[in-house]
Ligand SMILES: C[S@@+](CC[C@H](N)C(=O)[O-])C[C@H]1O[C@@H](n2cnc3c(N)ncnc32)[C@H](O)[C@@H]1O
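We begin with a single chain expressed as structure tokens, specifically the form predicted alone.
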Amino acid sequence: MSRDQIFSVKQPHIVDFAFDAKVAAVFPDMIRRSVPGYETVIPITGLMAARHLSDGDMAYDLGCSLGATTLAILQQTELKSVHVVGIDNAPAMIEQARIQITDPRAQFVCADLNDVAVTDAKVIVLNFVLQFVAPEARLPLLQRLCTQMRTDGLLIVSEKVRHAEPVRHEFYDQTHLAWKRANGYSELEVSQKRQSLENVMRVDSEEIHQQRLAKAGFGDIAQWFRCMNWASFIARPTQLADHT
């Protein structure tokens, strides 16, 4: 695993963060040192998704990056006819995912999430993706996913969140930064990466996530994971949630 040193040298101009070839080369190290609970969220996401699938079912890993969630799902099921489609709009990520994951049950597609239909989806996963989608496009995306997935489907959404109470949010935020330093990032790296993410990563509160999921047509919404300012939710199309 290559070590993330992208922001280790002082840059004269901080550009917006992009999932380009440089990021793809160090992404596993970057995300493990940057997202508290990542190494819990991904395998348990895979476990929950796999338990919800039967032979012949379709799962979608939207914003799949290098396909960690796709792999986690496939590792948790021996079903031969399960099909997992990983979709991401970053060519460098999809290229590496195709090289690293050769399970014939996996397929990787380079496309914008807003342009892809999730036909007959039994499971849809959005792990750390909505925060990079334009705020005004988040509800329409979830509404479309709800109408396209199966009525007995399962949605899993993981995100960075902000606490509704400013003092609590500041405490979690500063603890997160300290955690990154404890993982070997320098003050310069922490500062420069934060600047690069300011315009591309816009974070919602837990309450907004839950309200938006309900408005999009999902029910039985629950937060199953929380670590400081990172959380994961599960939800089901309302047609099923009303009968559970």
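No experiment lies behind these values; they were computed from the predicted model shown. Numbering starts at 1 and follows the sequence shown.
The form predicted in complex with the ligand is left out here; the points below concern that form.
Peer 1: Might residue 93 be said to contact the ligand in the predicted bound form, defining contact as any heavy atom within 4.5 Å?
Peer 2: Taking the distances in the predicted bound form, the answer for residue 93 is yes, it comes within 4.5 Å of the ligand.
Peer 1: Any chance residue 219 has a heavy atom within 4.5 Å of the ligand in the predicted bound form?
Peer 2: Judged by the heavy-atom cut-off of 4.5 Å, residue 219 is well away from the ligand in the predicted bound form.
Peer 1: Is it the case that residue 43, even though its partner is missing from this view, gets within 4.5 Å of the ligand in the predicted bound form, heavy atoms only?
Peer 2: No, residue 43 is distant from the partner.
Peer 1: Should residue 36 be classed as touching the ligand in the predicted bound form when contacts are defined as heavy atoms within 4.5 Å?
Peer 2: Heavy-atom contact with the ligand at 4.5 Å: absent for residue 36.
Peer 1: Which of these residues, 111, 79, 164, 99, gets a heavy atom within 4.5 Å of the ligand in the predicted bound form?
Peer 2: By the 4.5 Å criterion, the partner-contacting residue is 111.
Peer 1: Could you tell me if all three of 142, 210 and 233 have a heavy atom no more than 4.5 Å from the ligand in the predicted bound form?
Peer 2: None of them does, since no heavy atom lies within 4.5 Å of the partner.
Peer 1: Heavy atoms within 4.5 Å of the ligand in the predicted bound form: which stretch in 144-152, 83-91, 165-173, 99-107 meets that?
Peer 2: One stretch meets the cut-off, namely 83-91.
Peer 1: Which residues within 1-38 place at least one heavy atom within 4.5 Å of the ligand in the predicted bound form?
Peer 2: 19, 27, 31, 38, in sequence order.
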